[in-house]
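One chain comes next, on its own, written out as structure tokens in the form predicted on its own.
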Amino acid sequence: MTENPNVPVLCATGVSAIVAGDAGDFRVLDGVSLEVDAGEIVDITGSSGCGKTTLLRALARLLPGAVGTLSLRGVSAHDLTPQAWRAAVALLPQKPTMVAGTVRENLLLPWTLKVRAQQSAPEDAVLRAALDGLHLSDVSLERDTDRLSVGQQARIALLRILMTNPSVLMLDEPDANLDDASAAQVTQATSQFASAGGAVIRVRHQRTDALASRRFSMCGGQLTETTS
């Protein structure tokens, strides 16, 4: 995709969504608008159930029924297939997704998808270097995923996304279940991604940190920019 430095990497306007609840349908997103530029890390905080994860799913085009206008580097979402969009706007859920098999098989999973059918998968040497770069030198490519700790799974799931070179990285409470060391390594990788020109949106519960360029609070289905 041709990059235009004069437009945001990701632009969302008027994003709304209605979901089913115990008391009936309710509007969880109510005309949310957000722009994220290259190199930015945007944090979204708010109470549990306020719609933070729902917003990420809508931005990733993973939420059926969501409405609004989305564009990527000035290109309308209508001009990109959902698969191409999700390859560029990548969502890492709070709970890492590992398929049964080895670390190698999990890292190479994106290259088994149709959207990358014409791309060559990374060689073992590239995978090894990538693992080492996220302080996973003690994890072999042959290790079965059921022998990984929660922190190792989280970093491997993040690495799997980073190796596909997305334009936007969306993280749903990336350090919620991690020890301090694993959380610091995820934060470092996120910072490096942004420094290389990527756009980052992080959902946090209530906590934020100095890494964020801008911060928003979600309440009543809408975003409000905050100063802390």
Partner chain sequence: MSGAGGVIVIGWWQLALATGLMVLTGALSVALKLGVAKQLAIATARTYAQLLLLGLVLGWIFGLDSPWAVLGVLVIMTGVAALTIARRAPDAPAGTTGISFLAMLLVGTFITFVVTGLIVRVEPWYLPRYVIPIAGMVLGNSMNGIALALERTFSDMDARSGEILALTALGATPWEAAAPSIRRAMRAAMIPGINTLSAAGIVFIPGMMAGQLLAGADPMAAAPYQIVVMVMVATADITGSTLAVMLTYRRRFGADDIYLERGYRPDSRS
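Positions refer to the first chain, counted from 1. None of the values given here were measured: they were computed from a predicted structure.
Another form, the form predicted together with its partner chain, is not on view; read the next lines as being about it.
Here the chain stands alone, but in the predicted complex its contact with its partner chain, taken as any heavy atom within 4.5 Å, falls in 60-68 among 60-68, 30-38, 194-202, 180-188. Contact with its partner chain in the predicted complex, defined as a heavy atom within 4.5 Å, is made by all three of Ala20, Gln83 and Leu113. With the partner omitted here, the residue from Leu72, Leu91, Leu148, Leu134 that has a non-hydrogen atom within 4.5 angstroms of its partner chain in the predicted complex is Leu91. A heavy atom within 4.5 Å of its partner chain in the predicted complex is found for one listed residue only; from Ala130, Ala121, Leu141, Leu109, this is Leu109. For the chain shown alone, Val99 is a contact residue for its partner chain in the predicted complex, at least one non-hydrogen atom being within 4.5 angstroms.
Ala176 falls outside the set of residues with a heavy atom inside 4.5 Å of its partner chain in the predicted complex. A residue is said to contact a partner when one of its heavy atoms sits within 4.5 Å of a partner heavy atom; Cys50 fails this definition for its partner chain in the predicted complex, lying far away. Interface residues of 181-200, taken as those with a heavy atom within 4.5 Å of its partner chain in the predicted complex (partner not displayed), are absent.
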